[in-house]
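Below you'll find only one chain, the form predicted on its own, shown as structure tokens.
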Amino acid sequence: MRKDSRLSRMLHVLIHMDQLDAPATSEKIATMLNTNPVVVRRTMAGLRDKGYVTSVKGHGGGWSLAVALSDITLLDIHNALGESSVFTIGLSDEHTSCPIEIAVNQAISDVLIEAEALLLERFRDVTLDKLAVGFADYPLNQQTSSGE
């Protein structure tokens, strides 16, 4: 099952960007995330549209934070990325007239709705500066043994 890692990847990038003295190019970010610069530009454009980052084209250009980390929450970035479902559990739809399937789907759906509401509420309480504590001098171009 494919997981959506855009939230964690963009949080990672934004915290690194806060430590930079110059804009981060799409190529530099793509190298860090082991992806294509086109994917970076497309994803970052959503954050730019919401006002969290700015971009400058050309020599010396790139992406920069437009808002302090303390003013950005996990929920802000989740929403800016398109508000995808936080859970990938699917409901069965093979026997839509079966009362057992209906009951099972309703029970799962109710729990997922409740769990997602709780998770998103917690996302609202966590600002990016809290995630950045202890990493003030960890540069964007530094690589870890896991290939970060």
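Sequential numbering from 1, following the sequence displayed. Every value quoted in this text rests on a predicted model; they were computed, and no experiment measured them.
Below: the form predicted together with the DNA, not depicted.
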Partner contact check in the model of the complex: of 100 to 108, 66 to 74, 113 to 121, 36 to 44, the stretch with a heavy atom within 4.5 Å of the DNA is 36 to 44
Given that the DNA is not shown alongside this chain, does T127 nevertheless sit within 4.5 Å of it in the model of the complex, heavy atom to heavy atom? no
Heavy atom of A24 within 4.5 Å of the DNA in the model of the complex: yes
Does the 4.5 Å heavy atom contact test between R48 and the DNA in the model of the complex come out positive? yes
Taking the DNA as it sits in the model of the complex, is G61 in contact with it (heavy atom to heavy atom, 4.5 Å or less)? yes
